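Below you will find one chain, with nothing else, as structure tokens; this is the form predicted on its own, and questions on how it binds or moves follow later.
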């Protein structure tokens, strides 16, 4: 049946099934194809919190949501237009997220009695009217996959694993996309396993031809290319962008990059990505624990390398004492905290912004660090680069607060040329500068920054350590006045960093007005989408987003006092809100979400309208 594609500006699609159904691979391939086509997009992978969650249960559902379109996309969407449910649990966990009259593609093999019981359905939703308000496409994907591969030498279990390719092929037909990118991917992935490669290619094409030849379904969509700024684009995930930002900073500073870490969800992919880039002189070290990881980095920083480490909240807690040592030594160290739901093990695969207070105050003694935060996956590159610049040029530990949503999400990124990146100038002590005077480890410049003496440099022998040091000389000191002086000096050094960071700007809306939405980190996309809609509806609302959380931009007080009200949305219980109230003595309005899920644009819009009412 010949069909006429329905043109639409944007589509949100959600894949939901068991972890073994390949939803993440399917989603990423579909995202890459649309990015290559020229759409703007945003993705949200959503993993089970348990490593081996029970198959067929709601707890074991792996989801992948993405929004793509011909306009600028800032979030992976609120409600989805299309849901792909591979089994009963996938449908149950995701049905609330489908818009009325949305399309649901169902693998009917996943709705047998066993799957219905595992998902705790009392009746079959395909038969009891549950889906009456949706456009349902029933496809026995498992059976069609088995028929496609009936002549294959693969066993039933291996054959079953290919069913996600049937879904992908069908979606390529549904959205008028070609399969070349996925075919190249499969040949690269399974080039040494010809039987598996052949099976996946056959099933992929079978899914496409099923859509092209069946007369059962006639819904097709046409999503044209987006008008994006000129540049060379690639799809980037937040952890990848972080890794590349660290490499770029090391190259700009002329330093060797050292990354020491202990594997932890959702930060491990930074280590995996950096390990691929030995051609840039990157040294990666998978330590036996968090303490070994961070202390190895302290040694690398003392030795003259750009030392970086990464973890999530539980690992950052274990690193706490060593981070205090790095503060005392005043060495450049970048710490990436990819936040997740807590406390303790908490929700290891879910997102949260709950480590802001930990980043600021989570060490014994007065041990301040600089704190920065990216707002999107691609912004993780610039934020990581900036974290390195601040650490190197100001001789101070810097913590970068990413989160699971940013780390695993992806979007198109127009990557910069090396010549367009800021220079980074290490504060290296040179032997020739100390021919007539001794090197003093805590002698400072106008920004209170000490010089970095690399071990082995003639004449620059010195002593550092965890005991309090006398100012200038670095000798061990128990003098109470000196201790207070050093604590105040380390704090003042961070305060002066405000002079070398940009002033705070308004992202959307007027410079003055009724309501300012002030936020940090991953709520950026939802807020930007919400404010755009609110401005179109005539609301007096503006949006400012913070990258620098310690120190704050020096004009932030003036910015917030230009508005009658300040709304602060956070994926925690109000941590930035506490800081803003304390610092600027203004009343604020909280919007807190602690569900392991990012904000939706509608949640922001509803809160603004509630404030107005």
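Positions refer to the first chain, counted from 1. The shown structure was predicted, so the numbers you read here are calculated from the model rather than taken from an experiment.
Omitted here: the form predicted in complex with another copy of the chain. The next part is about that form.
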Tell me which of 314-322, 388-396, 81-89, 195-203 has residues with heavy atoms within 4.5 angstroms of another copy of the chain in the predicted bound form?
314-322
Could you tell me which one of 505, 500, 364, 122 places a heavy atom within 4.5 Å of another copy of the chain in the predicted bound form?
364
Looking at 93, 354, 103, 146 here, can you tell me which has any non-hydrogen atom within 4.5 angstroms of another copy of the chain in the predicted bound form?
354
Three-residue site 480, 585 and 596 fully in contact with another copy of the chain in the predicted bound form at 4.5 Å by heavy atom:
yes
Heavy atoms within 4.5 Å of another copy of the chain in the predicted bound form: does residue 488 have any?
yes
Quick one: does residue 346 come within 4.5 Å of another copy of the chain in the predicted bound form, counting heavy atoms only?
yes
Heavy atom to heavy atom, is residue 468 within 4.5 Å of another copy of the chain in the predicted bound form?
yes
Is residue 575 close to another copy of the chain in the predicted bound form, meaning a heavy atom pair under 4.5 Å apart or at it?
yes
